[in-house]
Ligand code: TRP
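Taking the form predicted alone, here's one chain by itself in structure tokens.
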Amino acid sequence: MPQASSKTRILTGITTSGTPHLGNYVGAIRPAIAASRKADAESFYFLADYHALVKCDDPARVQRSTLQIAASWLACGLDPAKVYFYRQSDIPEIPELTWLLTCVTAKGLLNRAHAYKAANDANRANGEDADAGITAGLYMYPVLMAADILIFNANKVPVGRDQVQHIEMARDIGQRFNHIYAGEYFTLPEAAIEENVATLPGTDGRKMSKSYDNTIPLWLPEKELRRAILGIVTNSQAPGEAKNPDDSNLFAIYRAFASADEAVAMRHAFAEGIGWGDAKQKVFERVNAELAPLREKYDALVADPAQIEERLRAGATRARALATPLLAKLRHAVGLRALNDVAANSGQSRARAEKPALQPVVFRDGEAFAFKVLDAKKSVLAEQGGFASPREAMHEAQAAMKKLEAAI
């Protein structure tokens, strides 16, 4: 059953398929660690190495990335004693739950996943078969993500807008399981959209991303960090010419590391016509001032992988203390039980069989949310749109479903 804790459970996953860069630090690591220190939060941070296999078939890279990302979070101040910090593949309940959820997930729901649709569209645009090169791993990615979230009954999952659909799908899947097996097994998660988290530009001005090959690795040695920052693309304005900080990649990076007073001073320097070389030097100095003491901790951690391994395994043990009892209830709910337990549950099976097989489905409808109530034949019995949030839509869907069940 969903947890009774008064604390809000917040879950964040980090895919282990690359080297951490400045954008990861500013956009994910630093704010998440700050959030983990809140007294009213129960935080879960995991290394999503199963997810990495969808994108990466280089085993050495997956292992190296796992080490680098774990060391990065620890070096930046994550306290494993105060949060749940674990490796996804150390929680066997996650893949088992993935299968249980797969068996209640509509194929049509997965067909609408953005990543799958984008891959389909790209294939068609190239004149290829729609599913050419698309693995079942990519297709089933949303179900695995739902299992990551639901196994710990997370209340909130911090994501950017491009990931909101995955949280909505996790809600749909959790609700479907609850409905089919007539119980409140899962808390339905909400997306915590990170509107105020900084998105750093890369060396070419686009969003810093491994996909664009424009990143500045987080733990570059000091000299290499300076060289990387000096290589950031700027315009041809000469020293003495006033420059617009709001159009500057350099200023965006500086502001992400600077205090409010420092940002104001730099904005003034831009208006006074600071040269690009001087501006880059100031950016380097400010970024390096924050990262230098953390870099020392990171280097020590990477040099001692056994220490990190021990912390991850300890984190997995703590996390499994939550996951194992829930999975036992789920196994019982779906009928994976001891054979001598049948008689005790025959009443539950009869009660479920007598209930109308209605299903509430919540989905995005333009900028708003809508719901439909379906019967066992997928006929629409009720529908309504215009809701501000998926929670509001689901509340109304459940109310409509109760009225329909009472009338049947």
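Throughout, we count residues from 1 along the sequence that is shown. None of the values given here were measured: they were computed from a predicted structure.
The next section is about a form of this same protein that is not shown, the form predicted in complex with the named molecule.
Annotation: in the predicted bound form, residues Gln165, Ala368 and Ala393 none come within 4.5 Å of the named molecule through any heavy atom.
With the named molecule omitted here, the record of contacts in the predicted bound form names 143-151 of 143-151, 268-276, 99-107, 201-209, defined by a heavy atom within 4.5 Å.
With the partner omitted from this view, the residue of Ala228, Ala182, Val159, Val334 that lies near the named molecule in the predicted bound form is Val159 [heavy atom within 4.5 Å]. Proximity to the named molecule in the predicted bound form, defined as a heavy atom within 4.5 Å, singles out one entry of Arg61, Arg364, Lys55, Arg30, which is Lys55. Residue contact with the named molecule in the predicted bound form: Lys372 places no heavy atom within 4.5 Å of it.
In the predicted bound form, the named molecule sits within 4.5 Å of a heavy atom of Gly13. Looking at Ala48, you'd find a heavy atom of it within 4.5 angstroms of the named molecule in the predicted bound form.
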